Structures are given as structure tokens and as C-alpha cells.
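Given as C-alpha cells, the chain that follows is alone and in the form predicted alone.
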Amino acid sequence: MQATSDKRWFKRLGRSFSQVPLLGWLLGALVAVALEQIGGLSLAWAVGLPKIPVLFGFLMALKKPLLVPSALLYVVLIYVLPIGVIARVSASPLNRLAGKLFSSSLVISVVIHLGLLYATLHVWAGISDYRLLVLKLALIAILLTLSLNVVNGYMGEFSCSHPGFMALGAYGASICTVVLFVDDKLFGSALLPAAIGPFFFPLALILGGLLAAVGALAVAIPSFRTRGDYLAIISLAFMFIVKSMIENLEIVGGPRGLSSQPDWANLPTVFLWTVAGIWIINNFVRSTIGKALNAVRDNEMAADAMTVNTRRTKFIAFCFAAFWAGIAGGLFAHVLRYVNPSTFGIQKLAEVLAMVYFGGLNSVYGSIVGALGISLLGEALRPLEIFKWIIIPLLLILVMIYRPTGLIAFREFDVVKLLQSKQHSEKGV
């Protein structure tokens, strides 16, 4: 009887929270991080923690297991309770507000939601520089994962070339900004005043993306005649060629790497590029060319017989994916303000493949979940050192056994359904 009663209680609780619109969750998260900013340190001391947990208590608890109860209590008091209470209490008025925003202007609704999301991330990252770095790298990982999912998920090829595309974008954007705007011992005096550099930075990223797209021709053209394992070998060879080429080019620092990148990849910049990437890639995979990618994945010969230009489709997919991998590389180089060819090797390939297949193939949702999950999990398990590289692969093995296509596979990212009120959603409006 007790078990049945508990199940009913959980079902009622789930139904009550299912009525909370996205606006309510974002508002609750903003309130929670604001409370942490104001009284997080005092609460941490009160529950027996030496400082505010930078990553939801994982790092602290793994270093000192005795702090696990204190870390859990802190997370519940700072995050779970405020978010749950605000979301539940505000569900009805925010549903009405979400409905009005959705009915009046989708653009205004999107801007308000993105504003709340950015404000939450900004306040959360303001606690420490470590949080800020982790957040920026996680956002860049989303871009990289989405771009690889275009090829490996939507088109059904197995490409290993993305670290090479990322390297081309990182070095291309870095050379543009360092040569033009930085006094550097490798390239000499700046050619242009640094004051105009931030306005040029988007162009530098785009140039890096275009360089990666040109490099993608080395993989796209062989893909016309090869598939599966053979294409994987070709794309892997491309990655090693790019890495070796950069290591032997002393003009860009060779194996020592390239530094002195200006500090222009701040949180607003990385956030806006990530949002733009999600929007553009989502529109791309839902467009006619996206449907052609799915046709090539399911049966290339049948797609060709049904007048799908498979060569053009592959060419566009590889160049498009490489462009966004290059953008991610350019942002990555300017976040760390240093780039080294050894960064873009087998380990980076394993990392991005894990993000794609962990999150889910053929899904923008899956790429976001996979990138955030693997990035944050990797940082959370950092105190375990070598054991981290045992736990994460084991987790991936379990996912592949029980969810072969990933956690959230083959699911469309529909902004309309995401932003509308729950009442509208239930009525099918």
C-alpha cells in the first residue's frame, strides 16, 4: 500500500511540474543563481563547506568524500528548492505570459527566453573564473558536436576529420587576429590598431571557418566513391595530415604552438555564436537538404534513383559541418589564448565522438545534451585522475548497450513547441 501511495504521489508531482513552461524554469534558475551570488558563501559555511562549490559540489565531494552530505544539502537548498518552488508557484501566470508572447511575436518570445538563459549563465559563471572557463568550453563543445552530427548522424557517414577542421579554424582565426592586431615576437608589429579588433573578430572566425570548409574538400571528394570504414580511414588520415602539417610549419610556431591571441572570446561572444550555430544548423537539417541527407543515410542508391543529387548533398554537408567546426576552433583558440597542434589529435576525436553518440544521432537536442554531459562530467570527475578515463568509457558502453542511438536520438528541435505555454501545447495551438 505504501509503495502504491508513493507512486501516486510522484505521478501527481510530475503532472504538476509538467505544467511549468520553459519561462518558469528559466526564472527559477535565475533566482537560484542570484541567491547563490548573494548568500552562497554564508550557506556553504553553514552546512560545513569551506567555499562555494564551483561545479555543483562534485569536485569538493570527490576530493573529500566526507563532504558529500554537505555538498548535497547545499545543492538542494541553493538550486533544487528555489527552482522547484519558483517554477511551481509561477506556473499559471507565466503560462499566460508565455501564451501572450507566443501569440504576439515569436521573435520577442525567443529574445526574452534567451535573455533569461544568458542572465542565468552570466550570474552562475560570475562566481569563479573556473566556472566561466568550463561554461565557455562547454558552449564551444555544443557547436563542435552539432557540426559532427550533421555528417555522422544526419548523413550517416563515419567521419574522423573534425579535429582537423577545428585545427584549421583555430589557426586560421588566430593568425588573422595576431598578425593584424597584436605585437608578437613571431609575426612582428601589429598591422592595424587593436581598438578595432573586436569588431573584426567575427570576420576572423568566419575566415577560419571558410579555411576549414576548403579543407573539407579533401574528405568530401573521396566520399563520392567511398563509404563506411574506407571513408573513416580517409578522414582519419586527413586529421593526421593537418596535425603534422601544422607541427612542421615554424611560421605558426610548429609543435610549440601559437599564443598571444587577444582576449575577445568573452561569454557574450561565445554564447551568441553558439545560439547562432544551433539556430542555423537546426534550420539546415530541417530543410530540403536535410531531408536529402537522411535519404543518403538510409539508402544512397535509392536516393540517387529518386533524383537526389547525392554528390552535391555530400559536398554541402561536409563543407557546412567543417565551417562550424572551424568556428568552434577559432573560439577555442581565443578562449584559451593559446593553440597547439597536439590538442587536435586522437583524444579530441574520441571526445567529440563520445559527445555525438552519447547524446544521440540525428538530434539537435542530443548534441546539446551530449556536449554538456560529457564536458561537465569530465570536469566533475577530474579529482579521480586516471579513474575518470575508466568511468566515462564505462558509461558510454552502458549507453551503447541500452540506447544504441544515444540518449535523445531522432528528435527534432522545435522552437515553437519549446516556447509556447503548456495550455497552448495541450490544446494543439
Partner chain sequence: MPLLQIQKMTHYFGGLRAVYDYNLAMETGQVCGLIGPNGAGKTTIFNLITGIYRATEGKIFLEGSELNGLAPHEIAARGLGRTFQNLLLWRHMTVLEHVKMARYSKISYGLFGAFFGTAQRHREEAAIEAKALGLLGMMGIKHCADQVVVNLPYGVQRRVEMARALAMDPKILFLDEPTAGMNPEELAQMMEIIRQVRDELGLAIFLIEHRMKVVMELCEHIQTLVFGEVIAEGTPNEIQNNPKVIEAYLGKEAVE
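Residue numbers count along the first chain shown, from 1. This structure is a prediction, so every number in the text was calculated from the model and none was measured.
Below: the form predicted together with its partner chain, not depicted.
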Would all three of Ala295, Asn299 and Val308 be in contact with its partner chain in the predicted complex, where contact means some heavy atom lies within 4.5 Å?
yes
With a 4.5 Å heavy atom cut-off, would you call Ile86 a contact of its partner chain in the predicted complex?
no
Exercise: Lys100 in contact with its partner chain in the predicted complex, heavy atom 4.5 Å:
no
Contact label in the predicted complex: Arg312 to its partner chain, heavy atom within 4.5 Å:
yes
Partner contact for Ser105 in the predicted complex: its partner chain, 4.5 angstroms, heavy atom:
no
Among Gln347, Asn266, Ser92, Ser287, which has at least one heavy atom within 4.5 Å of its partner chain in the predicted complex?
Ser287
Only one of Phe181, Phe320, Phe332, Tyr74 gets a heavy atom within 4.5 Å of its partner chain in the predicted complex. Which one?
Phe320
Just one of 195 to 203, 167 to 175, 139 to 147, 276 to 284 has heavy atoms within 4.5 Å of its partner chain in the predicted complex; which?
276 to 284
